[in-house]
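There is one chain below, alone, in structure tokens, taken in the form predicted on its own.
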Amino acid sequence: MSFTLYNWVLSGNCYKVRLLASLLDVAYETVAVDFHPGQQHKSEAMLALNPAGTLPVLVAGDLVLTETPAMLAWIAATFDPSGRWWPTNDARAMAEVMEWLAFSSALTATSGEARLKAVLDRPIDLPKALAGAERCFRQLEQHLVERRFGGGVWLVGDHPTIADIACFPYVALSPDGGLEHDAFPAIREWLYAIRGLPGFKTMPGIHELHELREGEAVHG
């Protein structure tokens, strides 16, 4: 089984799907959608596929998914026989992953919005978005510090999950919107750990691990 991803290369949400597929070595097709400036996601054809007019959209046979967390869960459940990326056999771990999937939406609405303001000059309240993003980062930092005291690296359990993938892009891309990582050492180490995973792939604004280690001033 494969799937088709309706994709905009600069979207952090689209990148989440591409990243998980790469980590799981899943082959898929992409359809490029001109989000900006073409507004193709609002075209008649795209609205017929996804009435919300958002990206990404995943299509697999008669299955159409329009919410990124659902796409991550479906990909992990379909292509990861180990069950580690989406731990449905562990009720507590699954619930904790779902909490972080919800948290990733807050990152999109704050850090992601600040980035869109910087990149596309979206008419948003930038100070409000940055303040919200900083609150999210403080919460994430505290959790990661607590995990490190217990010997953990990932958001949930002893293996990366779709929780890490869901939260990664709009944390890694936050310098584009004006929020640096200097005050969040545990977050920086978590970002490094994700970049070090076999199969990790980049997107514009997110660099390979070796590029960061060679020059810590590089953003992303």
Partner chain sequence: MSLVYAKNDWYAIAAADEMTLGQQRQTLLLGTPLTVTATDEGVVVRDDQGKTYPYQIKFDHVWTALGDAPRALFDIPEGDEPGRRCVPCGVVRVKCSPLRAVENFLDIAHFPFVHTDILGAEPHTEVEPYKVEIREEQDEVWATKVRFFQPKAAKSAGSGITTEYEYRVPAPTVAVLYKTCPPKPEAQDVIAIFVQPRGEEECDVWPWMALYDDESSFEELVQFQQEIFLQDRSILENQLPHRLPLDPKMEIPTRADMTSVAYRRWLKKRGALYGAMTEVA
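Numbering follows the first chain given and starts at 1. The structure presented is a predicted model; accordingly, all values stated were derived computationally and were not measured.
There is another form of the same protein, the form predicted together with the partner chain; it is not shown, and what comes next is about it.
Only one of 136 to 144, 120 to 128, 88 to 96, 104 to 112 lies within 4.5 Å of the partner chain in the predicted complex by heavy atoms, and it is 120 to 128. Using a 4.5 angstroms limit between non-hydrogen atoms, D34 touches the partner chain in the predicted complex.
The partner chain is not drawn, but in the predicted complex it has a heavy atom within 4.5 Å of Q40. Among residues of the shown chain, D164 is not one whose heavy atoms approach the partner chain to within 4.5 Å in the predicted complex. Within 4.5 Å of some heavy atom of the partner chain in the predicted complex lies at least one heavy atom of V9. Counting a residue when any of its non-hydrogen atoms is within 4.5 Å of the partner chain in the predicted complex, the hits in 163 to 178 run P175, D176.
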